[in-house]
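This document opens with one chain alone, in structure tokens, the form predicted on its own.
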């Protein structure tokens, strides 16, 4: 049977606030599915309900057809997760940390050494397997965290923004690891649209806790790019709310969102403003813009679907 994740009218309320609202989503097969949405859209909350870290208010989260709330052990037996950025005991080496996880996960003793060696090799951490984690960079720690998801040979892997906070090299390495997992179902949240374009075959987009679309990357791009234009603007420093607001008010701009801390995706109406005039407008803000390039089709579709701008 093909691995699967399914949400059936999945809902989570925190008091009067609804983080996830009647989510219906089923992903099945060996592939990577990008789980997209703006900050506060309900992505991490959904993943925590799939992993049993928080209980749903109503509805069901199923892994390989097993309801997590009714039989967590069976549901998670073939699933591995990396939610947010877990910390590793600084006094441990990668081998020691992963050995502890193998024991918790019930990996047979005779197989632990081989599983650990394979996982560390895949994330390119073999050279540091006996070094103390406390001396590692954030990127190195994250590679060990990713390795931990592979120890039990899972059919389903849930990753919550696995490259967040990493430098460009670390981000590239994490992407390479995710792409190598093509024989499993990988469900990965991200706010980096270029990352999703590179590693995912399908995308599910949520906003305000509701599913907007789930389809192949190609179909989403074709259906929702909207015939407008979009560009990615890079800045020399972190983009603050004031800068984003000023960009959103330029002539012809229809929507603005972040692709990361130093880049904005700007959707504009080509009939109202040419790309060179838009460039002049952004440069005129004197906000530290250093690059200006055509955005991808997914970025264009994302802005078309996410109606609220910054």
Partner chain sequence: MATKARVGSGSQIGIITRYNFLNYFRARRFYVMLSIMLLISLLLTAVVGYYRPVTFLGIPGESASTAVLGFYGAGWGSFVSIVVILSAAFFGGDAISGEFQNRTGYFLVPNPIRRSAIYVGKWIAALAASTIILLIFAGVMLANGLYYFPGNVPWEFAQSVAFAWIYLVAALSLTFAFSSLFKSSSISILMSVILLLFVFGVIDTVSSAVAGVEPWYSITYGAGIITSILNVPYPAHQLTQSLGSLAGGPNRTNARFQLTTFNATVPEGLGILLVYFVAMAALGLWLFERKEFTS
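Positions refer to the first chain, counted from 1. The structure presented is a predicted model; accordingly, all values stated were derived computationally and were not measured. By rigid core we mean the largest C-alpha set that fits within 1.5 Å across both forms.
A second form of this protein, the form predicted in complex with the partner chain, is not displayed here; the remarks below concern that form.
Residue contact with the partner chain in the predicted bound form: residue 52 places a heavy atom within 4.5 Å of it. Put simply, residue 212 is far from the partner chain in the predicted bound form: not one heavy atom of it is within 4.5 Å. None of the heavy atoms of residue 172 is located within 4.5 Å of the partner chain in the predicted bound form. By the criterion of a heavy atom within 4.5 Å, residue 106 is counted among the residues contacting the partner chain in the predicted bound form. If you check the partner chain in the predicted bound form, you find a heavy atom from every one of 77, 145 and 155 within 4.5 Å.
A heavy atom within 4.5 Å of the partner chain in the predicted bound form is found for exactly one of 218, 167, 240, 84: 84. A heavy atom within 4.5 Å of the partner chain in the predicted bound form is found for one listed residue only; from 207, 118, 129, 111, this is 111. Exactly one of the stretches 121-129, 68-76, 195-203, 231-239 approaches the partner chain in the predicted bound form with heavy atoms within 4.5 Å, and it is 68-76. Relative to the superposed core, residue 133 undergoes a Cα shift of 2 Å or more between the shown form and the other one.
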